[in-house]
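As structure tokens, one chain now follows by itself in the form predicted alone.
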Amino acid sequence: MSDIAARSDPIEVRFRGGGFAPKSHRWVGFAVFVLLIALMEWGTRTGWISALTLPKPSDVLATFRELWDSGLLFKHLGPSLTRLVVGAALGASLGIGVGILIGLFSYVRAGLVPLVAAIFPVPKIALLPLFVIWFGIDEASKYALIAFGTFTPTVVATYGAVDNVDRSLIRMGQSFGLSWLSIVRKIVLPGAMPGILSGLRISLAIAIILLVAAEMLGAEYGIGAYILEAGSLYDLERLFAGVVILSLLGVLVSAAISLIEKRLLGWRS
């Protein structure tokens, strides 16, 4: 009887349905950055890394301090952020709208997909002289280049995300008598949102690259103009300071997309 009673006791089974949910280990990324910076500092101080190829991180930090104290940091950062926000907002919003139309309507798909496929592989930096001719050398050409460079990858990611929405969910909505608009609003758009946001990460990274290229041509202030000036003077400390600013800008953009994902995609957890 004791053996039977022992066998009838409930056995606790470890939960194995996590669904490959990622775990947050923010300290790991921070530790990697600290380790790399420490190695660079050690290598440049000991002479293992030549000072002609890589500056000391401490010297780059001193350059940041000089930029902050002199006010040049905000003189360069302000115009860059304005150009990035305006250009990327125009390109991404238009790209999402066109991508949704391509994903939903067959005639729009038949008309625009070949056009998008034709312009997508074109290097957008190569079009900068053309935009200067069309819009002038002032801000309009920079906005246009960033918007156009953001537009095409956003379109491709958006209509691809719409196409990948589970069709069984759409058929289920139709079987329950949902209207076309309700199916789009409650099934298609939420189902496509992960792919749209993933594409937006890539599009905004491209926007930062094009921002630097646009500012290297005819811009007095901006991170790209600052990097171009530092490179022409072979000032490695200032050059790497500009590169670090761009890296931090990319990290902030990625963090903003992550916050949007947590807010809009909480239903996945």
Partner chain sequence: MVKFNRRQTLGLMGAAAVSGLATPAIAMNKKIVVGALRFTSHSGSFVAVERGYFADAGLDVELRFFQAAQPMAVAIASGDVDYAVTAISGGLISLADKGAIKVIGGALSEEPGIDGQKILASDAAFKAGLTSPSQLGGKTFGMSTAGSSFHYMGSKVANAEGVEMSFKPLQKVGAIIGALKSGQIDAWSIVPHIAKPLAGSGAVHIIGDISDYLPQYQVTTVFTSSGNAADERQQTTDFLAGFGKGVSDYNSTMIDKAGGDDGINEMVDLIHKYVYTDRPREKAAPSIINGTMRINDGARLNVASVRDQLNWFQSEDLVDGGVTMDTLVDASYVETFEA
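Positions refer to the first chain, counted from 1. Just so it is clear, the structure is predicted and the values come from calculations on it, not from any experiment.
Absent from the display: the form predicted in complex with its partner chain. The rest refers to it.
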Q. Can all three of Gly78, Leu252 and Glu261 be found with a heavy atom no more than 4.5 Å from its partner chain in the model of the complex?
A. no
Q: Tell me, out of Ala219, Ile208, Leu67, Leu239, which residue has a non-hydrogen atom within 4.5 angstroms of its partner chain in the model of the complex.
A: Ala219
Q | Residue (of Val122, Ile133, Ala110, Ala117) lying close to its partner chain in the model of the complex, criterion heavy atoms within 4.5 Å | A | Ile133
Q. Residues in which of 239-247, 196-204, 47-55, 34-42 have heavy atoms within 4.5 Å of its partner chain in the model of the complex?
A. 47-55
Q | 4.5 angstroms heavy atom contact with its partner chain in the model of the complex for Glu229 | A | yes
Q) Is Trp27 a contact residue for its partner chain in the model of the complex, using a 4.5 Å heavy atom cut-off? A) no
Q: Check whether Ile137 has any heavy atom within 4.5 Å of a heavy atom of its partner chain in the model of the complex, and answer yes or no.
A: yes
